[in-house]
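In structure tokens, one chain follows: the form predicted alone.
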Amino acid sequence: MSDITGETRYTEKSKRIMDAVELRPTDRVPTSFFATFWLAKYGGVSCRDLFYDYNTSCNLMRKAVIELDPDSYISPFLTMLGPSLDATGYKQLQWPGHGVSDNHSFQFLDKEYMTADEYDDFIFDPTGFYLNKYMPRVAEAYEGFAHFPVLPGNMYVTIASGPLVAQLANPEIARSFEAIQKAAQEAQSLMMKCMTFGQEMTAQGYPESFGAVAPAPLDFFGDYFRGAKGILTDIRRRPEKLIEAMEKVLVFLLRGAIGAARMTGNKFVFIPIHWGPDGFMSVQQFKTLWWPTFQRLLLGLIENDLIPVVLWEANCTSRLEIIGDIPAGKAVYWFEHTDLVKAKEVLGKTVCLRGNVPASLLTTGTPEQVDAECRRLIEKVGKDGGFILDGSIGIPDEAPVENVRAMFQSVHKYSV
């Protein structure tokens, strides 16, 4: 690390990232460090050690950031979730030491957490659906909420007495409140650790990559409610009902992302995309079913002076012309497999591009091969600005440390 002050370093790195976002030439191509369980490999610890020990996660993230010297980094939040998941009895994931081995990343359990005939319940009353049905299905701590009384319609003294209050005396609800209180204390400890770590890294000169997360409206239902089989069926059998539900949830997604970004003071909003790529639906379905509500999500964030960072997983080549319909210099499109040279041709005057050193290369290649691929991206995609170098989806868990070092060193060799 150079001997410049943390404040100077932070200013330089923040400007480099913002120049890239706003499509201005940069002094060199910026990099971003996005890693989760790779930190276990880097530090020689188990994934479980990383996941359950706040200090281990923070110490290894700090060490990696200082060594690799990126222009932004991801919070270690995702690698410190073990105690909170245990406390809530969370059911949608398996994690190190809980469903998978101590040396394995977490795994999402794709299931139907909302049935097809429950769209109407969600649309009519999202909060009631969460309390009575969704939350009890995804976490043990909330199971008592299946007995939670219906609140709308109560008024006057029925709020203080009568059936409403009597129902709240249900012992199942009481057990849930007790479990939630314990989980809340753990979650508070986690958030305080992340906040303290972020302040420390800011003082050392390193900006955090984003301050909020939001899903695309269709992905919200496909990932967390309907599951893969359900959402693919809904796209064909009940698209009108799916659109109605997406319209309903869009308001909540925007409010949540805007609130989180303002709370953290970080304008970048991370949006991982799972159901928009070429392989899941036709271009026409993408235009009519997927893109309209997502475009409104992007525009809503931009109108609130926030910067969407969209991770387009898989291949999205056939979508490039469509997804360029947003204001120029206001977003980052991070592509996993889409050809970045082609993306630069189509989107280079609209959005900053990010990526996409292949995970296969970072995992099985040599440092020399990684260096050559980084040089190609820097010279072909980074020309004239508007590019942030990163892995295709950050750093793979199995990537050799010397390959990761080669990636971050490349911008200093070929950008000037």
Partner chain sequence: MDENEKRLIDLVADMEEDDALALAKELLDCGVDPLQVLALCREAMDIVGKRFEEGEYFLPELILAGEVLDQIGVMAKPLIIDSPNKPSRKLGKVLIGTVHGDLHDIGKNIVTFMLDINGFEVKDIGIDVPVSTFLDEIQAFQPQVICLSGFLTLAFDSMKETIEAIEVSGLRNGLKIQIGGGQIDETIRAYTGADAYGLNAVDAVNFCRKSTTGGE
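Being a predicted model, the structure only gives us computed values, none of them experimental. Residue numbers count along the first chain shown, from 1.
Keep in mind that the form predicted in complex with the partner chain is missing from the display, and what follows is about it.
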What I'd like checked is whether Met191, Cys194 and Ser415 together line the partner chain in the predicted complex, meaning each has a non-hydrogen atom within 4.5 Å of it.
no
Of the residues Leu320, Ile235, Ile180, Val249, which one places a heavy atom within 4.5 Å of the partner chain in the predicted complex?
Ile235
Heavy atom within 4.5 Å of the partner chain in the predicted complex - the one residue of Thr293, Thr88, Ser105, Asn132 that qualifies
Ser105
Please pick out the stretch from 361-369, 30-38, 56-64, 381-389 that is in contact with the partner chain in the predicted complex, where contact means heavy atoms within 4.5 Å.
361-369
Flag Gly279 as yes or no: does it have a non-hydrogen atom within 4.5 angstroms of any non-hydrogen atom of the partner chain in the predicted complex?
yes
Ser75: heavy atom within 4.5 Å of the partner chain in the predicted complex?
no
With the partner left out here, check for me: in the predicted complex, does some heavy atom of Lys241 sit within 4.5 Å of the partner chain?
no
According to a 4.5 angstroms non-hydrogen atom cut-off, is Met18 in contact with the partner chain in the predicted complex?
no
When the partner chain is considered in the predicted complex, the residues of 322-338 having a heavy atom within 4.5 Å of it are Glu336, His337
